Each structure stands twice: as C-alpha cells, then as structure tokens.
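Presented as structure tokens, the chain that follows is alone, the form predicted alone.
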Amino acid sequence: MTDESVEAFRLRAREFIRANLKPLPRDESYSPLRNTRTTDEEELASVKRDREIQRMLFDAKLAGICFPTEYGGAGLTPAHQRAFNEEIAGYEYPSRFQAPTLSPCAGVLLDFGTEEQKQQHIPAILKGEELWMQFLSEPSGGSDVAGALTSAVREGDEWVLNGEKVWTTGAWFSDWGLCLARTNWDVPKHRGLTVFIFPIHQQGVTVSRIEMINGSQDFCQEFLDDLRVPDSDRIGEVDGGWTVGVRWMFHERMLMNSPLVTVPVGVGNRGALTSSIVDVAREVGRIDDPDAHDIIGEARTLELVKEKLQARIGEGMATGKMSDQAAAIGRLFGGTTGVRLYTLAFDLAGSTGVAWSDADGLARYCGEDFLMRQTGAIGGGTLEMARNVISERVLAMPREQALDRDVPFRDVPRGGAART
C-alpha cells in the first residue's frame, strides 16, 4: 500500500481509530513527570495496553507508517504520518512506544544496524513486542555524552560492560537498551566510543528506580556489572560510536517532528497547550478575565510559532536546504516554549496551582508541572547544548574552546578514580 494516497489513508485510519480505540479524557496523557499512577500494577496494566494497541496498529498496517516495508513498516510518507497524528488526537495510543523506542532507538537501528539486527528488532518493535530504552546519560557526565565512563572491554567474541547509566525513563518495564560505552581510553573522548544493544532484564544489569519530587518513579538508574554482550549486538564500528551518537541525538532533537513517531495533535506539551489552558481558566472561574485572555493569547501565539517553525525546519532538512543539525533550532524553541507554557498555566491557576484536590480538573496539574518545568530544558540534551549546536554547526561560528579536545581520555582530569 506504499502508493496509497494521503486522503485514502486518512479515511482508513479514521475508520480504524473510531472502531477500535477509546476516547481519552482531556487530562489523560502519559507523562513520567506526573505521578498519575498510584500503583505499579496500574502502570504495568497501562504498559500492557500500549503493547496491545501497538499490535493492533501493526495488524491494521498503521504501525511504522514511514518505516520500510521490508521491516514491517507501511513505507509511506511524512504526510501520511501527519494525517494519522491528526486523526488519532483525543484517542488512546501507544505513548510509551514513541520515545525512545521508535525514536531515537529504532531510528538508530535503521541508520546503523546490520541487516540481521534490523530484521530481528524493527518488526518486533512495530508489533509491540519490544520496548526500548536509551542508556546514554551518566551520573558523572551531565550533558557531556562523549565523556562516558561506562567501559566495554573485548574478550573474544564478547564485550564486558561495566558502569552506570541514569535518567532512563521506564527501564523497569522495558525490554532492550541502546547503550553508549567507552572502548578506547587512549584517544580523545569522541574517538573511543562504541554503541551496543542488550536485553535489560538479565544477569549483569541492575535497575534502580528514582523517586521524583512528585512521587513518580518512572526514571531509573542502571548498574552494569560484568555484563557480557556478544559482538553481534554492537551497533556501528568499534570506536565509531560518536558517529552513531551524532545521529542518535539528531533523532532525539527531532522527536516531536519526527516521521518515525506518532504525536497526536494537542499532546505536545502535556497539559500546557492552549486548549488545556482555556480549560484551566474555565475551571478556576477566570474565563472572562481580561488578564486571563492575555495569558491564553500568549500561549496560542507560542503554539502557532512552534508549529510553523517545526514545519519549516522539517521541510528544510527534507529538501537539503538545511543541515540535519538544524533540528537543534526546534529543540531550543520547543524547550523554551514548554517552560513558558507551564509558567503561564501556573499563573492562570492561581491558588489552585499551590493547593489542589482531585476535583480541580486540569488545574490540579499546574503546580506539579510548574515545579517540573525545567526538565524539558534538560532532558533530551540541555538547551545550552542546543545553542552550541546552532552556533557552531548551523551558523558556522567559531567552536567553543575545549581543553580536552586532543587529549587522550585517560589523561583528562575528572572527579573520582579513572576507569581503566
């Protein structure tokens, strides 16, 4: 069906969605930043439902809309994915499969995986059989991804991994990990990295859950202790992990505008979109307040600019008029806008944003969202990193000075004992 028109696809998707998926209440959207699940059992039930929906979409040829047909995808265009995003708005969808399973993980597999790896994992992902996580951030590294201390030492046809990863959303209920590790300490940091994949729940991997300020425990920290990974589960070349990593981070920055994922229209900022802000104004009795109208107007303006900017960046990269690094522009504006939208919603909620009950509708989320607002400027690469990418790789400004650029990583000063 690779020649199916966008309109025919839209009608087919609409018919399937209306017949098979449940409408969602306006305030029902998955986010690890909100403690909306009261028990692990309820969370696991939601994960199970996501797997079921993903399989239903696969069977209806509505999964992996822009993935190649040889790996189980539909082989269609970004325009088809946009039509699907519009049609599924307001209905349940497999949210946990979008990030990071489909992007960046499946995107990295498509770009750098062997044919055997693609055939094994892409269809399984599209069928809902495999949930993936990215093992990227480390406790000691912050946004310096290339400063990874997790080590991988080769022993015959296997690699032995030791180290720690952190801020892995949902690792406790997921299946596979995409992991960046250090394989060479005698070259500058960017040249000694390699990417591996492995099942999460096995000997050598310990997953520890982190409790956030709002009680959510979806974020995790992982400890790798003599984890043995076959060389057949290596992604890309040995010591070539930075090449993989650059594309990996491209997929991460492109997430909300990626043709690989489903992002229903109206979901982007989880509770801070204009429609939600209007509901907050109504719930707290400010729908006729001129000051509230100013807040709603600013929110809508930011939303429109973000939509148009993402469309322009996507078209520019697709036509070759912009480099792939231009994705950082969307990341910067999206992160900045998200912080501002949560702030606007909190201002609108007033006292309800400070003290709330379950009866306060969407307004009950405004306080927690405000407290957690900066996570959108940190997770997925900080906004400072996005600014660096824009200045150096998009605008071709002089590179930021780095004293460790040509220094073997073993000799770079850092806190704690060096791993060898």
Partner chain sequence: MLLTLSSEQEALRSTTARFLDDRVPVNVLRGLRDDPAGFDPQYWAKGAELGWLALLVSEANGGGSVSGRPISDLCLIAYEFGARAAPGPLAASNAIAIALDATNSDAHHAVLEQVVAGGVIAAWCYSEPPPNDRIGVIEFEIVADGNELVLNGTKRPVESASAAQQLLVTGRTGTGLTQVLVPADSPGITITPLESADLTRRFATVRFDNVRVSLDAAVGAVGEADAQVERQVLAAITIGNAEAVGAMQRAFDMTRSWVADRYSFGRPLESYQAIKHRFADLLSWLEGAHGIADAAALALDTDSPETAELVSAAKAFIGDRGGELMHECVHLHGGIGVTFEHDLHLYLRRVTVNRAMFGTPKQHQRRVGEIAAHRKDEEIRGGGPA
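Positions refer to the first chain, counted from 1. Bear in mind the structure is a predicted one, so any value in this text is a computation, not a measurement.
Note that the form predicted together with its partner chain isn't included here; everything after this is about it.
Trainee: State the residue from Asp233, Asp175, Glu283, Glu298 whose non-hydrogen atoms include one within 4.5 Å of its partner chain in the predicted complex.
Mentor: The residue in contact is Glu298.
Trainee: Quick one: from Asp347, Glu211, Glu237, Asp288, grab the residue that has a heavy atom within 4.5 Å of its partner chain in the predicted complex.
Mentor: Contact residue from the list: Asp288.
Trainee: To test your reading of this chain, name the stretch in 41-49, 347-355, 385-393, 61-69 whose heavy atoms come within 4.5 Å of its partner chain in the predicted complex.
Mentor: Contact criterion met by 385-393 only.
Trainee: Using heavy atoms and a 4.5 Å limit, would one call Phe219 a contact residue for its partner chain in the predicted complex?
Mentor: Because no heavy atom of Phe219 falls inside 4.5 Å of its partner chain in the predicted complex, the answer is no.
Trainee: State yes or no: in the predicted complex, is some non-hydrogen atom of Gly215 no more than 4.5 angstroms from a non-hydrogen atom of its partner chain?
Mentor: It does not: once its partner chain is placed as it appears in the predicted complex, Gly215 has no heavy atom within 4.5 Å of it.
Trainee: Quick one: is Arg228 in contact with its partner chain in the predicted complex, heavy atoms, 4.5 Å cut-off?
Mentor: No.
Trainee: Is there a non-hydrogen atom of Gln202 within 4.5 angstroms of a non-hydrogen atom of its partner chain in the predicted complex?
Mentor: Although its partner chain is absent here, Gln202 would stay clear of it in the predicted complex, with no heavy atoms inside 4.5 Å.
Trainee: For the heavy atom contacts within 4.5 Å of its partner chain in the predicted complex, list the residues of 304-318 involved, in sequence order.
Mentor: Those in contact are Leu304, Val305, Lys308, Leu309, Arg312, Glu315, Gly316.
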